[in-house]
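What follows is a single chain, given as structure tokens, in the form predicted on its own.
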């Protein structure tokens, strides 16, 4: 069974600071990670390989630091990796991402299953899944929390918040993983050491045969007007004295503000 797992490199949201003066996020120096949903997708691919055999290719999109990050996917169980780090790929949004991934998958060739995260940790638009499936003309199953392969078909349980839906589709197909699907493994030291010896290919826009209007800033369909943290105003009121009197003063102050 040939499985392709699509991974997106994102800034670790837990490490982002906000400039107090401008309310802008400070991204410089922040570490990069793969999102939790992508790790769920990769873990499921490894479990399917352990059960049915085959090969896993990790297909990742990001910047130059992706070369180090992809070792995590290889240590978790991917057999080889294709990374897309060209600066021209950046800035296009979901439409560009889908075109890039679909072109890379076409170049990879034969596949039985494409696994993706339900949404990226940074934008969480959830659009890339459907776009990739449409470009490749294969069925898609989203919000998957249970997955099984039976011959040439897959059987999946979809989480629709207020209900569960069980669906089937013929392979090849695109499936998006939720966090309920599994618990990603922590690779042992031996797997981490072996990861650097696995094949890693780096492809450029020329390798994918895309024209300049299909990826990057030229393909952007959404324009970000602002990306600011919510405005917060601190009263900077300090209540002194014993706890009882301080609580009384706090209640009075909240009453004046109309909170209570």
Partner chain sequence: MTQILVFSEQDSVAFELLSKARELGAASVAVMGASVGAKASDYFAFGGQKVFVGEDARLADFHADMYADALAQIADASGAQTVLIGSTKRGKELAGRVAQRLNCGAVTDAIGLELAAGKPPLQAQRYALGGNTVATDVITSARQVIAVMPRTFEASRTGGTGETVRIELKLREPRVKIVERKQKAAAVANIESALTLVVVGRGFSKQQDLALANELAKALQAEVGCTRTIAADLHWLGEERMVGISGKKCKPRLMLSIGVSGQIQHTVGILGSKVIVAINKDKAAPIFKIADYGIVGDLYQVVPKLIERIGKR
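Only the largest set of C-alpha atoms that superpose within 1.5 Å between the two forms is called the rigid core. Numbering follows the first chain given and starts at 1. Just so it is clear, the structure is predicted and the values come from calculations on it, not from any experiment.
What comes next is about the form predicted together with the partner chain, which is not displayed.
Of the residues 163, 189, 186, 87, just one reaches the partner chain in the predicted bound form with a heavy atom at 4.5 Å or closer; this is 163. None of 27, 206, 64, 193 but one reaches within 4.5 angstroms of the partner chain in the predicted bound form through a heavy atom, and that residue is 27. Using a 4.5 angstroms limit between non-hydrogen atoms, residue 1 is distant from the partner chain in the predicted bound form. Proximity of residue 180 to the partner chain in the predicted bound form falls within the 4.5 Å heavy atom cutoff.
The partner chain in the predicted bound form is approached by residue 235, whose closest heavy atom lies within 4.5 angstroms of it.
The partner chain is not drawn, but in the predicted bound form it has no heavy atom within 4.5 Å of residue 82. With respect to the partner chain in the predicted bound form, the three residues 18, 168 and 227 uniformly fall within 4.5 angstroms at the level of their nearest heavy atom. With contact defined as any non-hydrogen atom lying within 4.5 angstroms of the partner chain in the predicted bound form, the contacting residues in 107-123 are 118, 121, 122, 123, given in sequence order. Once both forms are overlaid on the rigid core, the distance between the two CA positions of residue 18 between the shown form and the other one is under 2 angstroms.
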